[in-house]
Structures are given as C-alpha cells and as structure tokens.
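Just the one chain here, the form predicted on its own, laid out as structure tokens.
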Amino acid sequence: MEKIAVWVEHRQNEIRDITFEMLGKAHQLVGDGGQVIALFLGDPSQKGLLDKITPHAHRTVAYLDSNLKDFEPLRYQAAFADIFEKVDCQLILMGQTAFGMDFAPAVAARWEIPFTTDIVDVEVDGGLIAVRQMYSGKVSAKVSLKEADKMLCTVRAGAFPAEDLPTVSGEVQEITGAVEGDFSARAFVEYLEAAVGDVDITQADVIVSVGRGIKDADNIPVAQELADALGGVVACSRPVADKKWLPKERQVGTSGKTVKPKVYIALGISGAFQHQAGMKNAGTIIAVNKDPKAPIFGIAHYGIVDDLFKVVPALTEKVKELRGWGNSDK
C-alpha cells in the first residue's frame, strides 16, 4: 500500500493521541517509498496545531474555515467533500472515537467506499485485511475489505503505540474554505467538563484496579492497602463503577478514562476490550485472575492465575517488607 491518509482529530485545540497512533501505523504499512497524508479540518487560528503533525506526515492537507474550530458532523462532512477527491490514497484511517464514530460512516456512505470499524490491527496481504475483536476480546476476526480505489477504517484508541514516530520532511497544502449550507440540525454548543474527583487516576504512576473478582465493596480495602504500599491509587472496571462501589471517576476503559501508568495491577478483571483500550499502554501490566483464559492475560507482562484474596495480602506484606514498613500501619 503506497498512500494512506489519516484524519487528524483535535479537541479544544489539542491533537488527540489517536491521531499519532494512526500515523505510526500508517508509516509501518506504507514502508519506505510510501506516503502518509494527514487530513486536517479546522479554523485558521488553529494552524499552530499543524506543527505537531507535519513532522510525521509526508503531506498535510489542511482545510481551514472559521466555522470548523469545533467538530460539527454536518459541517465537517461538507468540508471533507472539498478534499476527498483531491487526496490520492488507498486507505483512510479515522479514530474509533465519539467524533470518528459519527463522521466515518457518513463519509463511507456518501462515497460508497468499503468500510469497517473498531479495528485493532490492519495488514496488507494481497488486499486489505482488518483485524477486529469479538466476544469481549476473546476472538480476533480478520475482515477482508472489497477492492476499491479508497477504503476506510476506524481505529480503536490504544491499538497502536504513539511513541517513536518517524520524522519526515512534510509539506503542507492549505485550502481556504467557506463551507455553505444549513447545518443547524446538529450544531456544536459547548464542552461540558466532567467533575473532578478526589483522585485523578490519569496522573498516577501506579494503579491497582479492581473488577468483578473483588466480589463486594467491603473488599476494596484489600486493594487500597496494596495501592497505599506501592504509593499508587485504586481504580476499577465498569462493573465496579456501575455498582457504585467506586466513583465513576475511577473507571478505566472506553466509557471511563484512559490511563498510562508505569505499573497497572489488574485484580479480578477479565479484561474485555473496552477495559483494555483504557490501559493497554501501561509500562508494566500485572494481572491476577482465577480464570486462565481471561483476556487480560493476553496483554499482561506478568500474570498470576489464583484467588486475588490469597495473592494480594501476601503481595502487600512483601511490598511493605521491602519498603521497611514491617507490620506498621503506615
């Protein structure tokens, strides 16, 4: 595959990590001699964001319109129409995000191009093969896309690393637009910031996360003691937050927060793909689960197949011993 385009997703004047993850995968697919193209829709005042993109794309097509500062699906679709035919590429990548899930299907339908969603990998083997996860991540399915001039995939956040991107001498093609039409049916109003909780798990170096295996809210202190010994914080999977055993601000996953600590300890978490998407890029992942077939073991660096209520107290005592705490209540 010679040319791949990546839609640049930005929010509140920040390029989102999913963009860099897709750029890295695009470089891997095109190899030497290929071309990675970044597609940017935004306001002229946001041109500074291009400085973060151009070093990692051979070509950046920037459509600038004063009405494109914030994502509006109908207006963005109209703007995209102005650059779609001008961009020569075989594949377009967009993020499987709130924006991408809204935008990508409309693009695929309008131009009737082959399309698949929520991919975790993509291969070129005589044609384009996309990899999707099914049954809560227990099965990976390979999807073959119909041969066409252009194809479109949405990429799950965290599927590819965003670090160590190739640096290239990229050129910028600016298009000054003036998108016209009635877009009042769906218009951007404002961003609503989530309430800040007592702990910001996204800033923690060590996270001890609990899932259904913790059994009851009364057992969470078992994880808290380990987190305290390690100087970390306690987080959780969605079932724990749904039961209100821990506040929503502590939830990790696609419907919670994305974290990237140095150490992530998953206690009694099966590891459905929704949870993995929020923590798979942690430096070191340690999993404790009674089920040897739990998906979490597929991404864990270290795994213990046992009852967490046997493992965690012993691990906590060992950590305290190594830190010289003895049996104190520190």
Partner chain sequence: MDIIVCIKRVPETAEADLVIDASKKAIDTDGLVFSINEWDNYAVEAAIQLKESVGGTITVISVGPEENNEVLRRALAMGADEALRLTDPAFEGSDAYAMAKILAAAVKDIPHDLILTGVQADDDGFGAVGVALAQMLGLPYAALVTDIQLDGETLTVHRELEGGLEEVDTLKLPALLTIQTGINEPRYVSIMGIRRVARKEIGVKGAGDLGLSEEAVGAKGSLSRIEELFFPPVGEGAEIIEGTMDEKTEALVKILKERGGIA
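Numbering follows the first chain given and starts at 1. The shown structure was predicted, so the numbers you read here are calculated from the model rather than taken from an experiment. For the two forms, the rigid core is made up of the largest set of C-alpha atoms that agree within 1.5 Å on superposition.
This protein has a second form, the form predicted in complex with its partner chain, left out of what is shown; the following refers to that one.
- Taking the partner from elsewhere, no residue among F20, F80 and R250 has a non-hydrogen atom within 4.5 angstroms of its partner chain in the predicted complex.
- Just one of P114, G170, G177, P166 comes within 4.5 Å of its partner chain in the predicted complex, counting any heavy atom, and that one is P114.
- Of the listed positions (L29, L64, I286, V61), a single one reaches within 4.5 angstroms of its partner chain by any non-hydrogen atom in the predicted complex, namely I286.
- Although the partner is absent here, E190 lies within 4.5 Å of its partner chain in the predicted complex, judged by heavy atoms.
- Its partner chain is not drawn, but in the predicted complex it has a heavy atom within 4.5 Å of D242.
- Contact check for Q12: a non-hydrogen atom falls within 4.5 Å of its partner chain in the predicted complex.
- Taking non-hydrogen atoms only, Q203 never approaches its partner chain to within 4.5 angstroms in the predicted complex.
- Contacts between 68 to 106 and its partner chain, taken as any heavy atom within 4.5 Å in the predicted complex, involve F71, P73, L74, Q77, Q96, T97, A98, F99, M101, D102, F103, P105, A106.
- The Cα shift for P105 between the shown form and the other one, taken after rigid core superposition, is smaller than 2 angstroms.
- Residue displacement note: W245 has its CA displaced by at least 2 Å between the shown form and the other one (rigid core superposed).
- Once both forms are overlaid on the rigid core, the distance between the two CA positions of Q35 between the shown form and the other one is under 2 angstroms.
- Three angstroms is the minimum change: in the predicted complex, the CA atoms of D102 and R238 sit closer than in this structure, by 3 Å or more.
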